[in-house]
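There is one chain below, alone, in structure tokens, taken in the form predicted on its own.
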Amino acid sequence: MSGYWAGILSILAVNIIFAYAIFIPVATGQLNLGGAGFQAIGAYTAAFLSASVGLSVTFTLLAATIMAGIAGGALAFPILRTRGVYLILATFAFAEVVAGVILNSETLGGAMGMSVPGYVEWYVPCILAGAVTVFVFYLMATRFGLNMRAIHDDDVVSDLMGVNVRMTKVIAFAIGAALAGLAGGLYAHTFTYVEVQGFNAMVSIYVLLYVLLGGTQTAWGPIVGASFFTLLPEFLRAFLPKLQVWVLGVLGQDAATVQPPDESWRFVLLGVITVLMMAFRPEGFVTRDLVDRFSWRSRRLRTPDGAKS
């Protein structure tokens, strides 16, 4: 496999894990705009332990996951007293605080960043992304997952039915933070360098966009959203010059005399596609109805034989 596609697959795997990190709190009705902060904790934990302590990648990734999970659990108790836009602002502020601490820490390299000795091949993030995907699907099928979805639909009724709403939200927030830390650790070992500018507010916004546009009703949503927004810009990179040649050919002009399209046009088209998706699929690309329509079990229950059984 070429280095280009190995890098794309690594980025896609990290984005899928990161998307699931945001999806789990969202499944309980919590919009988390502090994902970049938890990813930074995981990335710098892995980078520091690899560069200064000399631990292997296995232990640095485990430590990154645990540290981010502990930070998420500790933050969840006070921060989940807020709701709506106040919760979004609180998580956003947390990410900015983490960035500020790292930026002013000489131990962590400050604005210069840190080199990471440990390196992982592309298949390591891919395997872990597959494992995280299976874990999230299993989690959503458990009683805890049912409690999460019930709280998302109506937390007052869930409380009346005996669900510990606050503890469920805290655990979901901590699990999401731990997965964000794992994504950060993989990021550090994939690119062998971390800098605080790589964990800015736009990262938190993008990953939340993966989840919301992919769909929050099922665990298929984050993987679809992350794949779409990771692979589409790369597809447009190769497609736009070919489209320009075709259009100029139709108009009878020589493509060699025209400058190729600028790189920024990829993101213009991506923005247009995003707006169209929000307009025509506000509930996300993958919904429960769509999954039920294509699931084998649902089709079997809709057949006459399945109805008789």
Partner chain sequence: MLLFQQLVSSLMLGSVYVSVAIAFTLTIGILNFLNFTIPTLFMLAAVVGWALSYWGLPFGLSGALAWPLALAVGVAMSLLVSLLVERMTFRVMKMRFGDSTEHAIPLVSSLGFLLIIENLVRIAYGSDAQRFAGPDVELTANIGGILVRVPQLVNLIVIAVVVMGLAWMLRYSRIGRGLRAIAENPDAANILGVDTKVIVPIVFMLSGAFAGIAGAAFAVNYGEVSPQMGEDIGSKAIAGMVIGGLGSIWGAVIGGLLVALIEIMTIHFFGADTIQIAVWGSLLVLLLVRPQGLLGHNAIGKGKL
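Quick caveat: nothing in here was measured; it's all calculated off a predicted structure. Numbering follows the first chain given and starts at 1.
Omitted from view is the form predicted in complex with the partner chain, to which the following refers.
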- Query: Is there any non-hydrogen atom of Glu195 lying within 4.5 Å of the partner chain in the predicted complex?
  - Reply: no
- Contact between Ile151 and the partner chain in the predicted complex at 4.5 Å, heavy atoms? yes
- Using a 4.5 Å heavy atom cut-off, state whether Phe191 contacts the partner chain in the predicted complex. no
- Message: Taking the partner chain as it sits in the predicted complex, is Phe267 near enough to touch it, meaning that at least one heavy atom pair lies within 4.5 angstroms?
- Response: yes
- Query: Hey, of 234-242, 183-191, 74-82, 112-120, which bit sits against the partner chain in the predicted complex at 4.5 Å between non-hydrogen atoms?
  - Reply: 74-82
- Only one of Ala51, Leu31, Ala63, Val57 has a non-hydrogen atom within 4.5 angstroms of the partner chain in the predicted complex; which is it? Leu31
- Message: Exactly one residue in Val170, Val224, Ala99, Val124 has a non-hydrogen atom within 4.5 Å of the partner chain in the predicted complex; which is it?
- Response: Ala99
- Message: On the criterion of a non-hydrogen atom at 4.5 angstroms or closer, are Ile11, Ala129 and Ala178 all touching the partner chain in the predicted complex?
- Response: no
- Query: Along 190-207, which positions have a non-hydrogen atom within 4.5 Å of the partner chain in the predicted complex?
  - Reply: Met202, Ile205, Tyr206
